[in-house]
Structures are given as C-alpha cells and as structure tokens.
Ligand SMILES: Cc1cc2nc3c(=O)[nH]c(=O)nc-3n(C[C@H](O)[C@H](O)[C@H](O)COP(=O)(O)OP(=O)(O)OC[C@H]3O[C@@H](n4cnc5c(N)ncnc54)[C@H](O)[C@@H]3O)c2cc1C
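Only one chain comes next, encoded as structure tokens, the form predicted alone.
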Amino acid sequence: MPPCPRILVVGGGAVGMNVALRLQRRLRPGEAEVTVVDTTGYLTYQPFLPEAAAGSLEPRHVVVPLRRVLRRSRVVTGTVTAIRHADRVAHVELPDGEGFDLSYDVLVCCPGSVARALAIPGLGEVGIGFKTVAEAIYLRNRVLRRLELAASTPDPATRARALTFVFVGGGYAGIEALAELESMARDALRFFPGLDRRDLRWVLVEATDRILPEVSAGLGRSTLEQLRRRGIDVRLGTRLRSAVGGHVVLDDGTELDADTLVWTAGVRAHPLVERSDLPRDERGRIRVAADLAIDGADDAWAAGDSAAVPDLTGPPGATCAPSAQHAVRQAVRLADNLVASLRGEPTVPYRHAYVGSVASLGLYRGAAELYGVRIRGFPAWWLHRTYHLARLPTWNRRLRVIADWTLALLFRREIVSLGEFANPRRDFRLAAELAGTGDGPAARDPQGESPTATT
C-alpha cells in the first residue's frame, strides 16, 4: 500500500456520508485520501421522508449536500457500476454517460438498498416505492390531486377509486408513510366540503402476521391498534396478487380499484453488489465480520443495508436490521476500525444493545418503546422528532427543520399540489405543437405527474 492510501467510499447515504465525515475528523493530514462516489450527491435522511411527504417539512431540508459537509474529501457525482476488488478498481459512470475506472487502495462499500419488488402483474405500471425525496413529493402531489378529482367528479366510481389508497408492506417505511399521508389528507378535507373522512379508504397489506417487525411484538400490536382506531384497514397475513390497471386483487379474495398503490414490502441489497467480486451471502448481501471488514477480502469494509452485519446482541447467526439507526452507528464503528487498521491497531466489533424504537404516526401521534416502556400519542411523537433531529447531520439542516416545525405550529399545512413540476415543459411543448414545431401527443400529458418528479 502506498504511503498515502486512497480510500474509496461507494455510496453517500447514511453509512457512506458518516464514514467519510468520521474519517475527516480522525485522519491526520496526509494520512489518507478519501473519495466518495454517489449517484445524487446528497444524503437523504429517510426517517424524515414521511413528514416531507405530508408537508410538515420542506423536502430540501431532509437532504444534506455531500459537498457541503465533506470538504476534505473528493466527491464524485456518478454511479459505480462495477467493482473489481482484486484489481482495486471501480468503474464509475457520470450523469452524461461518460465512464472511467477509478483506482483505490481501501474500499468502503455501502451503496444501500433498493425496493424488493416482486413479479406481480401490474405492479411495475401502477406502483411506486418510498425511498427517495422524489417519491415522497410525488405521493404528496398524488394524494392531493386525488382529493381534487374526487371533489370535482360526478361519477361515484371515479370518486371511490380516487379516494382509495393501498400500501403494501408493514415495516417502518410503509407504516409511517401511510400514517403521515392519512393525517395530511384528513386535515385537508376541511377545504373540500363535498368530501367526508368516511369517503377515504386506506388499506395496509402485510404478508406476515404482524406489522413493524423491526420493533418488539408489544409495540407492533400497540401501533396496529392505533391504526385501526383511525379507520385504516390493516390486512395481516395477506398478499397482493395483481394490480393491473389499478384493479387491486388480494389473496384473501378482496378486489378493489385504487389510483394509488405504494410498495414498501422490504428492501434488497443494491444490484452493484452482484456486479462486484465481493463475497456474498445467500440473500445477496456482502459478507462481513463483526468488525465490519469484508470476509475474504483485504482492505475492504462494508456496512448498512447491503451488508450482512452480525448482530452480536441477538441469537447466533442473526444479522442487523436494515435501519437508519444501525447504519449511523455502524458508520462510526467502521470508520474507527478503518483508521485503526491503517495504524496497525486492533479493531473493535460492532455491538449495539437495543434501547428502544420510535415511530411517527401522523401529526401529534406516535408510538415508542424506551427501555421496555411503551409510549403512545403526543409523547411518542415528540420522542420521535427529538431523536431523529439529534441524528440529522449538520446544524444547518437541524435549524432548518426546527424552523419548519415552528412555522407548522402557527400555520396549517398547505394543500397545493404541484404535480406540474413532474412535467415542466408541458405547456411550452403544447405551444410549440400549436406553432407546428412540436412533437405531437407528447405535449399533452393528462395528469402532469411522474414518480420522478422533484422540486
């Protein structure tokens, strides 16, 4: 290894950004060079995505630009498409399609995860995930536009379809997204005199016999009771069979038409892992030791959703759940162990004792468990906000979030749908078509919506 080793961090998410940030603080001047490659160039703090979707937070305030915080690291905005660790080379593709090989000496592989979609008819055409800011913005616009459609149409069938929202997957992402959006929609009804809360139909489909598998069974049951008291139709032990054209068919015989289908039924390791020569387990995750070094690969480390990190506090063979809490803690341990390795010092295994869990269930509602004590309602909601505010990187973003929350106490949430951001050239293309220079039907987008809309 050269005198100044080159450290490559693949991914700028919860693990990647925090690893690089920790390395900036721990490494001596000239001890190593750190390069971070990330597709978007910013960290999305996913625990706040549901609040961004509900309009309680400005979407830009739940993301952290990597270049702002990683000033002593080189940041490359691009996609790592392959890793040849045997040659210490990663192939990077830039947004304009240009590609190049990036050499390194030490690898930190933390590309995160992608939605674990299944081969269900119609799912790819009508479904949407909930992992990015773009998806959160899209879902907010979608729900508000469905309210507007339902309040305007004279057709009862169109109205019922517009006001039916189906979420598949009862983990953190699905529960919090559903609860926040339901809370937002209920609050917005005051501006739609022709609609009643009983017109809204929210359905949660979960294949197992419980929700929130990441937390204790007691907290899961408590959360289930709260959701059902709010009129949310929770179907346990039920699977989605088909969603062709928005016609949802469940394996319990239920059939319904829904304009909105959100898929949050788990995640899987990022496809990059398969395009690398790193060792993998039976679920396609990178095999790592307890100190987060990759098994069978020198000078390589991994953590987060794409790594099978041993859970030393659980039963033999258990691995850590893919959560933001684990990701942040693993990042700190990984960075410290990497520095220790560079200096010839012993490494320390990652160990995290379960203290509790928090979940937001809409404005002023929550569920939490702290040292075995279950908490509901406003106190749990306050704990959720306090905990994640402390974990949000940089005071810049924390103060912006606090400002959003403070303003929310004084003013009601906005009910404006900005779906036009999905297709900003629509009006101009229509004008060009009328002038005889456009490209025909592409200028006429009936909804102006897209799962990749951003603001």
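Please read these numbers as outputs of a predicted model, since none were measured by experiment. Don't overthink the numbering: it's just position in the shown sequence, from 1.
What comes next is about the form predicted in complex with the ligand, which is not displayed.
Participant: 39, 130 and 358: each with a heavy atom within 4.5 Å of the ligand in the model of the complex?
Facilitator: Yes: 39, 130 and 358 each sit within 4.5 Å of the ligand in the model of the complex.
Participant: Looking at 158, 254, 79, 341, which has any heavy atom no more than 4.5 Å from the ligand in the model of the complex?
Facilitator: Only one option qualifies, and that one is 79.
Participant: I need the one stretch from 194-202, 141-149, 169-177, 218-226 whose residues put non-hydrogen atoms within 4.5 angstroms of the ligand in the model of the complex.
Facilitator: Of the options, only 169-177 has residues within 4.5 Å of the partner.
Participant: Just to confirm, residue 19 within 4.5 Å of the ligand in the model of the complex by heavy atoms?
Facilitator: No.
Participant: Heavy atom to heavy atom, is residue 362 within 4.5 Å of the ligand in the model of the complex?
Facilitator: Contact with the ligand, no.
Participant: Quick check on residue 388: any heavy atom within 4.5 Å of the ligand in the model of the complex?
Facilitator: Residue 388: contacts the ligand in the model of the complex.
Participant: Using 4.5 Å between non-hydrogen atoms, is residue 14 touching the ligand in the model of the complex?
Facilitator: Yes, contact at 4.5 Å.
Participant: Which of the residues spanning 109-127 lie within 4.5 Å of the ligand in the model of the complex, based on heavy atoms?
Facilitator: The stretch touches the partner through 110, 111, 112.
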